[in-house]
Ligand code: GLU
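First, one chain by itself in structure tokens, the form predicted on its own.
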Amino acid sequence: MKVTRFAPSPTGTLHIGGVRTALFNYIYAKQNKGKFLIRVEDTDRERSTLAYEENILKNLALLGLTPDASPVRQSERTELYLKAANKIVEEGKGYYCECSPERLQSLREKQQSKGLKPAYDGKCRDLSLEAGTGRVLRLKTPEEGEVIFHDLVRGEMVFQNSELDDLILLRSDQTPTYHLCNVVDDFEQGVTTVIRGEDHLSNTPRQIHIQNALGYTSLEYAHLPLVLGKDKKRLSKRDSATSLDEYIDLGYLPSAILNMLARLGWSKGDQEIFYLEDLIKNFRVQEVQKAGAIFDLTKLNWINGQHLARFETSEFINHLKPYCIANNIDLESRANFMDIVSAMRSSSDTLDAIAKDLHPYFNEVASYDEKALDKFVKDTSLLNNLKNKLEDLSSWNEEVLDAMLAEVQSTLGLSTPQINQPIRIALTGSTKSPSLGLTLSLFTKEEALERIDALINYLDQ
């Protein structure tokens, strides 16, 4: 049985890169009939907040990435870390160091001036110092040999011990460091497999040394390529939204977000659309590419549109309603609201954008697209002509309206946009709508005539 964990720090809202890490951990656990766990790494007391923790846990649940046990918090487990540190000291695998910050800074500067990698020089390694004020506990890292482990994504990884210095396990105030907490927690939680970003790759040999010092069982590792922006640098707000909340607010479905993230650096033939159950069946972490994965918003939009298209109308409306409320749209204010939604549901790729497209069907036109007016409405004569034709109609449905528009177009010898766009602008404020006959039929005859009148008056003024 495999046990994986997602270990977020509650110093901000859930990041899209973190979602991908959680997803791969969840999938791998489920594929191996194992457990997916969550560990809240909240030892950064200044930046960690309960609000961020709640955001992370809430959004993981929204995505369907539910842990198989209650989350644990590092802030509540200090006793375990201190017990492990004492074991390392008692067995002579660690030592106390009294080097001042000033000495360490001077050492770093000298090493850097010579083009060397900054590293502790082991000054206190053999002094047998006792614990005391201002002293840190360091691990006695082997000075020779190498650390070798197999990475599920990257294959065999080799690190020379000579390049690893004696890392700190307990700070001068005796609080445990990230590396010690991480190793102890993985052991105590029964973790078998660590799946995380490649930015943690250099931490792995250090943590393996701590495992060895404590006599812990070795773990399985997979280091994922980072999620990159279009500039091939780590995804940031310059590229697009980075918080999951922002994507949900924009109207992306959780299933589409998971689909997009799973496809970053992994593929299965020509198949593009996946749901969580599909990923559990088909995904293989060993098939993830090593190179960084580019986050493509255009691709996410397409995937989201595909996921939206699979809903029945009633289910689609249930997903759409919160976004309608946020955009001041009362769907049930119109008797034919289901017809309107059906006609407009593919107008955009996100729920919020679709709600915005629906706005003129449920509210007065607030403004007109001036560029469209300049292009398609030279004067009011055509609008008046079309208004008169519409007034003369005894029936008001898509078929009749299309026939009337075709007749006017043929008689006047105008192109379809020349006939249709002025009316579209009158009805919706823009040139974006379904076929004009359908668009007109979604309004009553009186509403359509009133909106054409309103545009004529606007132009006359």
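Start at 1 and count along the sequence shown; that's the residue number. The model shown is predicted, which means the values in this text are computed figures rather than measured ones.
Keep in mind that the form predicted together with glutamic acid (GLU) is not shown, yet the notes after this line are about it.
The closest heavy atom approach of T242 to glutamic acid (GLU) in the predicted bound form falls outside 4.5 Å. When glutamic acid (GLU) is considered in the predicted bound form, L455 lies well away from it, no heavy atom lying within 4.5 Å.
Within this chain, Y178 lines the site of glutamic acid (GLU) in the predicted bound form, having a heavy atom no more than 4.5 Å away. N182 belongs to the set of residues with a heavy atom inside 4.5 Å of glutamic acid (GLU) in the predicted bound form. R196 is the sole member of H319, R196, H359, K140 with a non-hydrogen atom within 4.5 Å of glutamic acid (GLU) in the predicted bound form. Between the options R334, H200, R345, K387, the residue in contact with glutamic acid (GLU) in the predicted bound form by a heavy atom within 4.5 angstroms is H200. Of all the residues from 6-29, those having a non-hydrogen atom no more than 4.5 Å from glutamic acid (GLU) in the predicted bound form are A7, P8, S9.
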